[in-house]
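Presented as structure tokens, the chain that follows is alone, the form predicted on its own.
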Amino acid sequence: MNIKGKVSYSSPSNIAIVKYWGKEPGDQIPMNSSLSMTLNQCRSFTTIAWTIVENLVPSLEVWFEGVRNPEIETKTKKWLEKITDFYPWLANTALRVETRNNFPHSAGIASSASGMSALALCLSAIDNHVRQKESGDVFLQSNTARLGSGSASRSVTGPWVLWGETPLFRGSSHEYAVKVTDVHPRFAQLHDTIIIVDKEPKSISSRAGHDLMDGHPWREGRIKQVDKNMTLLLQALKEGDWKAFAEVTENEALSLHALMFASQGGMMLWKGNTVEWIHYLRQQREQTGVPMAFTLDAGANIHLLYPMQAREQVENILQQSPVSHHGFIYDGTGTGPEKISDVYEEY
């Protein structure tokens, strides 16, 4: 079998409402379940040029934003070794990966989620051709993405996605993410304005941060907190309860960073303006009554969620803020990845 081709996908980041932080023994097994909203605009764009030849020694090149990146290449090689059992043809395949983001890398906007999910979807498309299948298995796509980045498991679909086994949701699993479909029309389309407080890469990676949950004095309490917040969030999404949604959203964001603060060594990813923005947004919400809720991933930048009808009011609040920033990214609820192209030839 001698085949070559090229496949391209764009895949979105996601913003977790109930946060994933900490792991169980095993390969990318989450300590707790998490639930996220898939984004629409913040995306990774990935192209894989591939060649499969019998007895070919496998090879890999990874180019990030036009420059070959040995660090990402090494991580990708390790990931490919994990998933070769799913895709045996990888043992005789040469891959050239070109990828880029349209948002700041490693700044707390889940670039690993969009990047790894895009890679997983490209490989799934190659597998479809090799095995002559019409479509990929979304659960396998999520599982392979998870083995590269836990949050990537949630970016292979949308708009509301749950990852991690929990008795609160039938069909949930540690191995793959599942869609949450019982969602009130109020939450079918939210706006997410990302306030760029800091454009620089994080001082400590999320992977290292997860490790700090091992032996964390609040570990067991955190697991109980997630069960409570997941119950409240699923109910809020179903009933269209904005007040309950906002309360869980902000409680989870602050809890995530409190866990970091209380970790060994005091992991701290907030910047001074992160705190100033939170104070300002709360003050404006109290004064105006505009429905909005903030959350953060593992970084300094703030995601501000709000219903479509509040867009003009929220934009005025943001533009009038005295707190400095590096700009806004206007995003919202998305439905998942998009295939850009898929071509092949036999020779």
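None of the values given here were measured: they were computed from a predicted structure. Residue indices: 1-based, along the sequence shown.
Note that the form predicted in complex with a small molecule isn't included here; everything after this is about it.
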4.5 Å heavy atom contact, S149 and the small molecule in the model of the complex: yes
Contact label in the model of the complex: L256 to the small molecule, heavy atom within 4.5 Å: yes
Touches the small molecule in the model of the complex: Y9 (any heavy atom, 4.5 Å): no
Proximity of H174 to the small molecule in the model of the complex, heavy atoms at 4.5 Å: no
Residue among I48, I52, A298, M292 with a heavy atom within 4.5 Å of the small molecule in the model of the complex: A298
Option touching the small molecule, based on a heavy atom within 4.5 Å in the model of the complex, out of T193, N101, S112, Q141: S112
Contact stretch among 150-158, 212-220, 242-250, 117-125 - heavy atom within 4.5 Å of the small molecule in the model of the complex: 150-158
